[in-house]
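Read the single chain below, which is given as C-alpha cells and is the form predicted on its own.
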Amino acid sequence: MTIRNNLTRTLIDIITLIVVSIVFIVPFVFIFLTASKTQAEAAMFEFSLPSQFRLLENLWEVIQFRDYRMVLALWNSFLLTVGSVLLIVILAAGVAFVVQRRNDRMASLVSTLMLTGLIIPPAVVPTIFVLQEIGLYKTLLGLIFVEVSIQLPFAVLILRAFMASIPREIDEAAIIDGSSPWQLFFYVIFPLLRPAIITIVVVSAVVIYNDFTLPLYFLPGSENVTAQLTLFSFISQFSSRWDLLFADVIIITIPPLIMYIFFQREIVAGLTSGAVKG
C-alpha cells in the first residue's frame, strides 16, 4: 500500500512538473530564443535555435531605438511605480488602522466602500473628464492618483487582516505612556506592519509596472511613454520586428523579476500571517 502511494505521489509530481514547465518555462525559452535571432529568423516564428546568437545586439538596438526611448520609458515607469506605491502604503495603513480599531458606522461605511472598490471596474471616460477639469490629464501625477485609487482597496484589505493580529493591549500601553494617536500609528503600529507592507509593495509595484491599459488611456503622448507601451514600437500594420519585440519584453521583465526574487519570502509571510492569526 505504501509503495503504491509513493508511486502515485511521484506520478503526480512528474505531471505537475511537466504542466509547470509548459505553462511557465516554455514561453520564456521561446521569448529568449526569438530575442536572440536575426530579423529573418525571428519572422519565421519557430521554436528553434538561432543560427547567430544576437541577444546583446538586439537588446542594445532596443535601448537605442528612437533616441533612447526605452530609457525614458523605464524612468517614467519607475516614477509611476514608486510614487503610486508610496501613496498606497501610507494611505492604506492609515485607513486600515482606523477601520480595524473603530467599531462605529463610519468605519463600517469605509470598509464597505473599500470592498465595493474591489468589485466595481474603473470608469475610464468619467475619470478622463475629471482629470481634464483639474488639469491632471496626460500627466504622471494624474496617472499616479488613478493607480492609487484602484490598488487602495486591496491594500486596505490586506493591512486590516494583518492588523487584527496586533493586540489592542499594545495600543493601550502606548497611550498610557503618553503617545498621541499619530505617535501610536507611526512609531508603534506602522513598524509592526512590515511583512504586510512588503507584500503590498511588491504586489502593487508589479501590477502598476506591468499595467498597459491605464497608461494608454490616461498618459498618451510620446514623451509620456512607459515601459509596457514601448511594445508598440516594433509592431506595425505592414511589418513587425519580432526579434526586437521579444528583446524589449526581456528588458521590461527584468525589474519586477529582480524584485520578486529578493522579496518572495516576505510576500508569502505577509499573505499568510494575517490569515493564520486573524
Partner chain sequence: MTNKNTLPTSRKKKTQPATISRMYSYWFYLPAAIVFGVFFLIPTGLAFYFSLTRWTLFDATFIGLENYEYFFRDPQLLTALRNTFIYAILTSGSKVIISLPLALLLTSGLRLQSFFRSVIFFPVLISAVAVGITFSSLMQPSDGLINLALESIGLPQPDWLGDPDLALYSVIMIDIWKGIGIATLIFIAGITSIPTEYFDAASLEGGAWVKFRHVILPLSRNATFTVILLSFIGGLRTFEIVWTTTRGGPGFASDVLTSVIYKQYQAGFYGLSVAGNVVLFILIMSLVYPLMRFFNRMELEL
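All values derive from a computational prediction rather than experimental measurement. Numbering follows the first chain given and starts at 1. Just so we're on the same page, rigid core means the largest C-alpha set that superposes within 1.5 Å between forms.
Below, we turn to the form predicted together with the partner chain, even though it does not appear here.
Here the marked residues R54, L59 and P191 all miss the partner chain in the predicted bound form; none has a heavy atom within 4.5 angstroms. Here is the short version: of L72, V89, A161, V148, the single residue with a heavy atom within 4.5 Å of the partner chain in the predicted bound form is V148. Within 4.5 Å of some heavy atom of the partner chain in the predicted bound form lies at least one heavy atom of T253. Put simply, D177 is far from the partner chain in the predicted bound form: not one heavy atom of it is within 4.5 Å. When the partner chain is considered in the predicted bound form, Y260 lines it closely, a heavy atom lying within 4.5 Å. For L184, a non-hydrogen atom is located within 4.5 Å of the partner chain in the predicted bound form, even though that partner is not displayed. Along 189-212, these residues reach a heavy atom to within 4.5 Å of the partner chain in the predicted bound form: V206, N210, D211, F212. After superposition on the rigid core, the Cα of I15 moves by 2 Å or more between the shown form and the other one.
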